[in-house]
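First, one chain by itself in structure tokens, the form predicted alone.
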């Protein structure tokens, strides 16, 4: 059984179709990145996978269960979302923010259990956030804040994490650190990652599989290296692209006409 399955998913707002008839099956322990030009429907698709948008037509299933048939708390036990622009309230400590990920399990009106606290402590340790546990969230740097937001998703203890442009605003070192961390969770913990990335080079290097969208339609779905080197990729972006091998890694370079 696929961990994430989309069947004929269409997402519309009024008369405008954002995603059209997308059918995809993503296996457990796989990193799948959705790429495509602005307006391709990437964010709309990941929001549908995370349960934030209900498809106008078709179904999204996680672990064989249809998201539309669940309430919010049930969905939060199956799939976690790291949005592109997370809301980070002031006056909250890093520990308390990460602990919000456990609300899906113990509810708003019940106190955290010993197990909940142990999970949050473990996440802080894994993400090297232990020294910041009592800091106000607004005092963190961009890289620290993004790790904290990822920590909240990890604390949900789901087997699927959806990330919308998770490296936006981070410098190169922090981009690589965050992506390497996710890669290790996929390789060692069997996590299933569905992400969007603008950087085609990083998308190709970290993902097992790429889905290419254009104008809401699925253009190509395959191994990362195959999609990066495809003619369809340059066509969708409407520009000349060269792919250069650098120490075994594909680097995508735009070329002026």
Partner chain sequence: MVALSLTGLVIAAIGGLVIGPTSIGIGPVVGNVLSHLGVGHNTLSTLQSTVLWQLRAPRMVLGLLAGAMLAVAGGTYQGVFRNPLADPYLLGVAAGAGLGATIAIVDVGSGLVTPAWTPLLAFVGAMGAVIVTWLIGGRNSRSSGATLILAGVAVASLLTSAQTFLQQQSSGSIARVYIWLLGSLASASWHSVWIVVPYVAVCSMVCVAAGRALDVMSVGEDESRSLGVRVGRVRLVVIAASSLGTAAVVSAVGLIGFVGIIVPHVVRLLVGTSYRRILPISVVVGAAFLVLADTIARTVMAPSELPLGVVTALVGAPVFVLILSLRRPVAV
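These numbers come from a predicted model, not from an experiment. Positions refer to the first chain, counted from 1.
There is also a form predicted together with its partner chain; it is not shown, and the following applies to it.
The partner is absent here, but in the predicted bound form a heavy atom of 76, alone among 159, 186, 140, 76, sits within 4.5 Å of its partner chain.
Scanning 104, 170, 127, 182 against its partner chain in the predicted bound form with a 4.5 Å heavy atom cut-off leaves one residue, 104. Residues of just one listed stretch (64-72, 32-40, 204-212, 186-194) have heavy atoms within 4.5 Å of its partner chain in the predicted bound form: 64-72. Using a 4.5 angstroms threshold between heavy atoms, residue 52 counts as touching its partner chain in the predicted bound form.
Using a 4.5 angstroms limit between non-hydrogen atoms, residue 114 is distant from its partner chain in the predicted bound form. Heavy atoms of residue 120 never reach within 4.5 Å of its partner chain in the predicted bound form, leaving it off the interface. Within 4.5 Å of some heavy atom of its partner chain in the predicted bound form lies at least one heavy atom of residue 97.
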